[in-house]
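A single chain, nothing else alongside it, follows as structure tokens in the form predicted alone.
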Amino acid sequence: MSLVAADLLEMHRKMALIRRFEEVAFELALAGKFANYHGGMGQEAIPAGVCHGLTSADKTMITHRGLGVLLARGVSVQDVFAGLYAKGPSPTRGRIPVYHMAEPKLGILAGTSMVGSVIPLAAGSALAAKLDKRKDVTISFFGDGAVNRGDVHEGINLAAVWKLPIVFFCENNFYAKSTPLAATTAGGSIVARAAGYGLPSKVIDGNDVVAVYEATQEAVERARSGAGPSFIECETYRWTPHSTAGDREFARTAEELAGWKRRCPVKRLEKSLLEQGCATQAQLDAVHEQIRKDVAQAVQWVESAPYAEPPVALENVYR
């Protein structure tokens, strides 16, 4: 699907929403409003670009830094905040972390907390599609910190052997918690490993939402046609520490962070929209202002919402 102005503007809206959500969620977690939060600020082009061309039947499995995917696929910011606060009206009814939330109508599969463990689960989703002769494709998100785990190898290997309709999407932000990539990953490249599975692969600029969209669409169409999986390594950078749990920055420098902030994916798209005449500065400012209001209203609502009643904790539990 060729992108037109309306597509670019919609991806901008999603990126701006994710950015504002990330900013507010991180600050609320630091203030003790809810438990540890893993910020994805600076990586907004990935959920916006990947999810824009998906159908509601296509599946996504996220990691603990993947709440932008929920927003990009249509979960309301109010519902995501309710999940973070563990409030009763949340989709999880306050029982499990929002990172584990599923919304089948939107193609969102429940994730896990264990790094890398979603890859074989995502392969299982793709296997189900193949066995049922469906055309939906599964997108499996994971970070550079996951690529050295055994379940990543097992999941990708099986998907390659069985030519499953899945896209393996590595969000490489160059640090596994606070450890730089070079200290954890041999071979000098993540994407080079795809050759060992016989998969087509590419490295893309994760701060360019159009590049993310185009690479994803190419891989999705390959999977949908029955040709099997692809592997995409998306180079990006998170602006925040690993989480709000007091994580220290051992290797990153202020200069490095400043350099990546100059490559801000939101501002990059805005510059392109202005140059192409797709929007005026006033229109872009209006989008940000409306999003600030929407996020503020969502927070106000969730803070006054009730927690679930205690018996809810025992529902849907095998005993």
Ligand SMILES: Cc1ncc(C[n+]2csc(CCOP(=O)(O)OP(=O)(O)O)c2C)c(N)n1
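This one's a predicted model, so the numbers in the text were calculated from it and none came from an experiment. Just count from 1 along the sequence shown to find any residue number.
Although not depicted, the form predicted together with this ligand is the subject of the following passage.
- Partner proximity in the model of the complex, defined as non-hydrogen atoms within 4.5 angstroms of this ligand, places exactly one of 121-129, 223-231, 137-145, 71-79 at the interface: 137-145.
- The contact residue chosen from 213, 175, 85, 99 relative to this ligand in the model of the complex is 175, the criterion being a non-hydrogen atom within 4.5 angstroms.
- Only one of the listed residues (108, 115, 160, 194) places a non-hydrogen atom within 4.5 angstroms of this ligand in the model of the complex, and that residue is 115.
- At a distance threshold of 4.5 angstroms between non-hydrogen atoms, residue 242 is in contact with this ligand in the model of the complex.
- Residue contact with this ligand in the model of the complex: residue 64 places a heavy atom within 4.5 Å of it.
- Taking the partner from elsewhere, residue 202 is found to have every heavy atom lying beyond 4.5 Å of this ligand in the model of the complex.
- Remark: residue 149 counts among the residues lining this ligand in the model of the complex, judged by a heavy atom distance of 4.5 Å or less.
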